[in-house]
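Only one chain comes next, encoded as structure tokens, the form predicted alone.
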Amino acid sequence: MKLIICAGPATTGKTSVLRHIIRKLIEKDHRAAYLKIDVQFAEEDIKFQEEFRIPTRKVYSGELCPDHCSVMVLGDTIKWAQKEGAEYLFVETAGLCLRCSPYVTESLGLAVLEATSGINLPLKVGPMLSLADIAVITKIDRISQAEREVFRARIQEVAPDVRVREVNALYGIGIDPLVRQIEALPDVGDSLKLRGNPPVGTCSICVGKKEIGWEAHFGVLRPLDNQTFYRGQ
């Protein structure tokens, strides 16, 4: 089974890109499975199940970062998809934490970015882009050619080894090269690992402390006028 992990900021068109990819794979008689990871609401799994009749699952990360949640559930997800007889497992994560990367070894990492979000967006999304295999640029029909070229240049500045694909996710234009790359993927092995190092830090805010000011917290702290430091056991 082949593993594809799709991340990107909200509203970039991740689901639309995956919909076209899955449709083309099904037309070739391939079997796919789909997992959606979001914070508190998602219905893409239901829509994919109804449209394609493929096995789907959904996980709400809740108090966890979606990428953290992905690490926790991915092992079980792979076993589930293999049991369902899937040849391709697609994982779509909300990707809200720009300090993390959801991609693992032996997977294809798709970072979906919308061209209308500003030419400097690639400079802001961190490992979500720099550790991806392919940067998929959507909504290219809404900006000028000059803006498209600058956006591509920004991506190459941050991630020179990442392949850039421009698509129209509304009509499925530019999807075929992605499908060919997915079909050429090797199967996943038994010892997947994260590609990058997650942030080193313990966040007392995430575990429920509500006090304002660094003095009330532990873990990795940052006062206004000083560098980051660690306080705790």
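All residue numbers refer to positions in the sequence shown, first residue = 1. All of these numbers come straight from a predicted model, not from anything done at the bench.
There is another form of this protein, the form predicted in complex with a small molecule, and it is not shown here; the text below is about that form.
Novice: May I ask you to choose, among Arg163, Arg142, Lys83, Lys124, the residue with a heavy atom within 4.5 Å of the small molecule in the model of the complex?
Specialist: The residue in contact is Arg142.
Novice: Out of Ala33, Val167, Ile182, Cys65, which one falls within 4.5 Å of the small molecule in the model of the complex, going by heavy atoms?
Specialist: By the 4.5 Å criterion, the partner-contacting residue is Val167.
Novice: Would you classify Glu44 as touching the small molecule in the model of the complex, given a 4.5 Å non-hydrogen atom cut-off?
Specialist: Residue-level check for Glu44: yes, a contact with the small molecule.
Novice: Spell out, yes or no, whether the shortest heavy atom distance between Ser101 and the small molecule in the model of the complex is within 4.5 Å.
Specialist: No, Ser101 sits far enough from the small molecule in the model of the complex that none of its heavy atoms falls within 4.5 Å.
Novice: Though only this chain appears here, would Ala10 touch the small molecule in the model of the complex if you measure heavy atom gaps against 4.5 Å?
Specialist: Yes, Ala10 lies within 4.5 Å of the small molecule in the model of the complex.
Novice: Where does the small molecule sit in the model of the complex: which of 101-109, 134-142, 70-78, 148-156, heavy atoms within 4.5 Å?
Specialist: Going through the listed ranges, the match is 134-142.
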